[in-house]
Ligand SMILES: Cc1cc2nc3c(=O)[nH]c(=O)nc-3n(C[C@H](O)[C@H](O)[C@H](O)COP(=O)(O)OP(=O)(O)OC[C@H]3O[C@@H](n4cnc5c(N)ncnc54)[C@H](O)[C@@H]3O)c2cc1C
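First, one chain by itself in structure tokens, the form predicted alone.
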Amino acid sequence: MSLTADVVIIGAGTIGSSTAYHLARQGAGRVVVVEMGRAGSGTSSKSASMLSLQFGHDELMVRMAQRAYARYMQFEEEFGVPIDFRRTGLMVLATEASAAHLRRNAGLMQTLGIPTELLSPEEVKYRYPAIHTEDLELGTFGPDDGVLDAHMVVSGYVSKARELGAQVLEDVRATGIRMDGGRVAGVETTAGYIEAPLVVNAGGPWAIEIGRWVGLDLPILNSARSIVVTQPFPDIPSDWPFVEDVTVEWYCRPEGPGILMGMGAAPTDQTEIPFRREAMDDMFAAAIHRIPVLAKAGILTGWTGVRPMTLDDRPILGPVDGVQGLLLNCGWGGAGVMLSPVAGDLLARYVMTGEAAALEPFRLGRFAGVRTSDIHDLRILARTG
């Protein structure tokens, strides 16, 4: 295979496929996506699939969440694909250790017009008697959050991108970026070379490796999080909200007849991690402490996903000084599925207009001097300092 393209996108998860769709829609020319597996089969397939207005912790990210949420409410109309959104609500619980942070976050949401209730431990217990509340200081509830089908999101982006002329090459792995002087010349793949003046790194957890192909040490920390789904568990009703214990970063929600729960933020150098049953020990200790009835739950299945985190929990977007033609759309952490409509649109608008103002808060340059190896310790300092 030998192709010529105007833009090559590496990665066809929610971020890469959204970028392809928005570029094709805005008339970017020949758009080619290379995906080493099937579209959406990487980290996008391993998320908890939440669409949340409560996720952002600063005004900019909350505004992005509002824009993405509005787009998702019109997704089926725009793409002809249902994403099966269920408005379950989000209940966040905090002990004394994290109550001040949660209270500040709730205040931000309310200021920005996002419905958010502050609940006392007694109010939490009244609504959901199965929750252990004796050590809680505070709860919040966002009624508009919910669950969607990430597979259908990717399917919608890919189908529409192809309809608009983009090529999405599945089971084709990018293996390098060819340079000509200080600028991008194209992408080497397992199926041959693709010549292109623009390359988008939308590799999710693989973004670090892709950056190294052109001498970049991207300040991203890959973090492993394990998720399990229980066998049918009628003790918790199917209309329960997503429940997060923010102090220990544990969460659960109904998933079909069972319960999905997740926990963990372990730094990892691996991008594909088999599920480890030993990871369940801390998860079940947290689960049984917060919702004691979960002690009776049996495990049906489990997996481990990898989240590409940055120091300030904002993504890295836009061009790279010194590597002309390389564009970044990575470092989305656990928010890639939620914010994908905005992620693709922002980068596509930059490609088409060259106007970089909207990307300034996300540019790589804000991390000048920070290396990948620094991120773990710096994230800890940021959260405890």
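Quick caveat: nothing in here was measured; it's all calculated off a predicted structure. Don't overthink the numbering: it's just position in the shown sequence, from 1.
Beyond what is shown, the protein has a form predicted in complex with the named molecule; the following relates to that form.
- Of the stretches 159 to 167, 191 to 199, 172 to 180, 229 to 237, only 172 to 180 has residues with a heavy atom within 4.5 Å of the named molecule in the model of the complex.
- Distance criterion of 4.5 Å from any heavy atom to the named molecule in the model of the complex singles out V34 from the list A65, I316, L347, V34.
- Checked against the named molecule in the model of the complex, the residues V320, L359, L53, A48 give one hit for a heavy atom within 4.5 Å, which is A48.
- For a residue to qualify, one of its non-hydrogen atoms must sit within 4.5 Å of the named molecule in the model of the complex; none of L93, G142 and F284 qualifies.
- For the chain shown alone, A20 is not a contact residue for the named molecule in the model of the complex, no non-hydrogen atom being within 4.5 angstroms.
- Although the partner is absent here, F75 sits far enough away that none of its heavy atoms falls within 4.5 Å of the named molecule in the model of the complex.
- For the chain shown alone, R290 is not a contact residue for the named molecule in the model of the complex, no non-hydrogen atom being within 4.5 angstroms.
- Not displayed here, the named molecule is approached by V337 to within 4.5 Å at the level of heavy atoms in the model of the complex.
- Within 4.5 angstroms of the named molecule in the model of the complex, the stretch 205 to 238 places a non-hydrogen atom from each of P205, W206, I210, W213, R225, I227, taken in sequence order.
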